[in-house]
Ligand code: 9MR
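A single chain comes next, written as structure tokens; it is the form predicted on its own.
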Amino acid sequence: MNRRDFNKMLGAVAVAELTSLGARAETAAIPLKRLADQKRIMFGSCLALKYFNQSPTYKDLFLSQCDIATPELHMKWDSLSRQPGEYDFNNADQLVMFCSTNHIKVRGHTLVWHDSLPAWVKERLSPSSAKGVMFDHIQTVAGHFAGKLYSWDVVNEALDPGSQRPDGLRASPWLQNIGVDYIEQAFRATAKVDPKALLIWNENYLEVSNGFGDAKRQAMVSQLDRLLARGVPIHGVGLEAHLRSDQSNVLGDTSYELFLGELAKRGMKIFITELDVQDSTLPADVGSRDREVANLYKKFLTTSLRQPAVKGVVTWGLSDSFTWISGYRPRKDGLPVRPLAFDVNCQPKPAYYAIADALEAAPSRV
């Protein structure tokens, strides 16, 4: 089925979704990883293995579409360690083994973040202890997976212009107890423990061209200049890209493209790391909603992928069956959210074709 024919049948989408969740998807859709690979770009999604138990169809979809994966929860601190000095790598190991067996790269996510901290970590942080706590965690976790992962999100969401700090850094427990050098120390420690991994600074709202987003971009460039001048091993920047339908006018514009160019000038590899579209403000009508979501994907990705430094696109889920947005930003009318490329039956939606079009239009990477 070509895109034109697919768009003509949008009115039948709701009927198609009445089939059972376990029904095997029958589609001629070209795997997104194949379209991406033709341009030497990686394509993937976040992953939790429990979804495969709930839907074998979803497992087939994931394997067909993805060549890179980010653990949705399994490598976050509170998933790994509930008690001081005790780590349970069982779920994370299973995910890494599954991906290795199926030739899927894994992005480690995430080592140093202000969120998802176990209660015991919060209780132990102080100016005299925080550096040791952070180093121990990096050495334990990055050391456990050393040589097995494609990359690490070393620091996550470290910027917050709303903090009123001149440097734009978030007033996180790490900043408050270690100081501004915690970012440098985290990258150096990770490089020492896992020298083969690509080391990424993952950040949200860098894609938004408004006052807050612009301030974040300025802070990011300033921080990179400071850290790179000191020889800190930062290899790339991750743009989360949790897109909102009510921000379509401030996404994918010229200033965003110029920002990507500034990152590229500094030698940064760029990754879209948590892409989805929140549809809470869009019409209830499925056809209209799907078209608007698809248009936002295409606008954002077409602009992003024009920059050759963008090496990968990772969505935060593949099927509408498994999306954090259902709980984070549900629709007020109670209708199911539709933020991803495939519907609850793992059938391609207009968003799939929008992503495919953007990949096909992207220039080939060297």
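Not measured: the values here are computed from a predicted model. One rule holds for the numbers: they count along the sequence shown, beginning at 1.
Although it is not shown, the form predicted together with this ligand is what the next lines describe.
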item	value
Close approach of Tyr328 to this ligand in the predicted bound form, 4.5 Å, heavy atom	yes
4.5 angstroms heavy atom contact with this ligand in the predicted bound form for Glu157	yes
4.5 Å heavy atom contact, Ala130 to this ligand in the predicted bound form	no
In the predicted bound form, Asp290 touching this ligand (heavy atom, 4.5 Å)	no
Contact residue in the predicted bound form, chosen from Lys76, Arg188, Lys105, His235 - any heavy atom within 4.5 Å of this ligand	Lys76
Heavy atom within 4.5 Å of this ligand in the predicted bound form - the one residue of Ser116, Asn295, Ser255, Gln94 that qualifies	Ser116
Answer range among 221-229, 235-243, 261-269, 132-140 for contact with this ligand, defined in the predicted bound form as heavy atoms within 4.5 Å	235-243
Those residues of 301-327 which, in the predicted bound form, come within 4.5 Å of this ligand by heavy atom	Trp316, Trp324
